[in-house]
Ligand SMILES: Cc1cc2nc3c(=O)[nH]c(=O)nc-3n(C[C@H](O)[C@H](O)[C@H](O)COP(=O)(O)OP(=O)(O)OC[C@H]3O[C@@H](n4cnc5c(N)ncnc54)[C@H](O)[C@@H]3O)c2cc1C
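Single chain ahead, by itself, as structure tokens, in the form predicted alone.
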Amino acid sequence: MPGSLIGTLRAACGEEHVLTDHHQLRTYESDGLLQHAVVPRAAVLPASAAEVVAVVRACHEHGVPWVARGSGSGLSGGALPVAEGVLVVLTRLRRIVEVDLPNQRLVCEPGVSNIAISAAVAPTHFYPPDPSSQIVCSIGGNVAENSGGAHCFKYGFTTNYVTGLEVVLADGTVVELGGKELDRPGYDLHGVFVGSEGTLGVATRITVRVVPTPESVRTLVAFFSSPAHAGHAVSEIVAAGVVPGAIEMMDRLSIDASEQMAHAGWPADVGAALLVELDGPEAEIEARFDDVARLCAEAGSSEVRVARDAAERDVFWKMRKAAFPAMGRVSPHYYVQDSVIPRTRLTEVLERIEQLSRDSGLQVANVFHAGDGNLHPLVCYDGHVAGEAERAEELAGEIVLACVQAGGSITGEHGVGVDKKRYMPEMFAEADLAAFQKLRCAFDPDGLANPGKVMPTPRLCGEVPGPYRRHPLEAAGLADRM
């Protein structure tokens, strides 16, 4: 219709890049967390920052909410569309704009995959944050969720590597947050934006810091009779002053699943596997590596295997990174959680998860970043059995609460999204949540950017009704504006 929002979007991005057919839109109804699904009114695939601006500005003028989406690999429902809203799909913005190795910087668009950044600066440099989905996940999504990965114990999260952002605010205004330097004067607004889950705007250009490739990398896997024994080894390694590049744990169920995909030949009768990788100067790694092997043996390891070469190291990592997709080989469905606990409470919380699993009658596979206590329990269930999906979601929630009660957090790297917003009051007082909302309103006073996420209850920006100041999920009547 001339003058309608859909017509404006088609004029801006091309008719073939504005999807309104219900069957086409079903492709975008959820992210990696399949338990939540909403079909948007339209999906738009802009090809440039200018087109993103045009799309966002049009949504603002019509008072229609929008959600930015990258590769759709998120696991918290953070990219879940809004019914009768617009989904802004950023997969066509995948240019690497600049590689500046002398200054250890790379500038790219949000649709660039995580692994493509390391490939662009190899072999002399790499980009440390490495989610398990790094082959497909986009840097824009990483920025939104402040993603981590296996090497975050030593190297840190996305927020430690993003130095600058070009951001389109919810009214279509373009702002620059940060830059190439590490510490720009003024408020740390790019730090505020990283991890804001798309509620403050959409990044169209991202400047990241890359680091030199370590001189030496050595990897081992140690097998234990139980996760508790492996957890004790983790504590001993860290207490000894060793800072591994990565330290990952898998329990028996996740090992069994991954073995069916990776065929690493790991023993089938062990309770847990601890994957430890050291990187850095050759002399340091040589000395520390023997310490790690000894500490694992002293903690009760039944066997320690050292990767002989890069090929075997890749097999070790294939086992770990196959854990999520491989779980489909042992369970028809699974519910992924992501919570954090103090490393010293690891044994206690794992025992609590085991008890909850027994009480519910549902299996739970545990795969996690052991160094920083970031758990990824996978609640297995059969969605074809009446009531099992609901029981799985309830069990996943009880695990989140157990982690918070142990002094941890409801999420480590997957974000809050829609999945865990109900648990925000378990961590934050009302005054804290109100402060979060004031910040959100400063960026997006009309509440159009990714509404319905992060905050546990409907919250408004001020008293004067705007075009979309109802609760975001109350979308009745918005179709008339499309």
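Just so it is clear, the structure is predicted and the values come from calculations on it, not from any experiment. Sequential numbering from 1, following the sequence displayed.
What comes next is about the form predicted in complex with the ligand, which does not appear here.
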{"query": "4.5 Å heavy atom contact with the ligand in the predicted complex for all of Ala68, Leu90 and Pro131", "finding": "yes"}
{"query": "Touches the ligand in the predicted complex: Cys403 (any heavy atom, 4.5 Å)", "finding": "no"}
{"query": "Proximity of Pro377 to the ligand in the predicted complex, heavy atoms at 4.5 Å", "finding": "no"}
{"query": "The ligand contact in the predicted complex: Gly72, any heavy atom under 4.5 Å", "finding": "yes"}
{"query": "Cys137, heavy atom within 4.5 angstroms of the ligand in the predicted complex", "finding": "yes"}
{"query": "One residue of Leu106, Ala144, Ala257, Ile247 in contact with the ligand, assessed in the predicted complex (non-hydrogen atom, 4.5 angstroms)", "finding": "Ala144"}
{"query": "In the predicted complex, segment of 145-153, 308-316, 383-391, 259-267 with a heavy atom within 4.5 Å of the ligand", "finding": "145-153"}
{"query": "In the predicted complex, residues of 186-206 near the ligand [heavy atom within 4.5 Å]", "finding": "Phe193, Glu197, Gly198, Gly201, Val202, Ala203"}
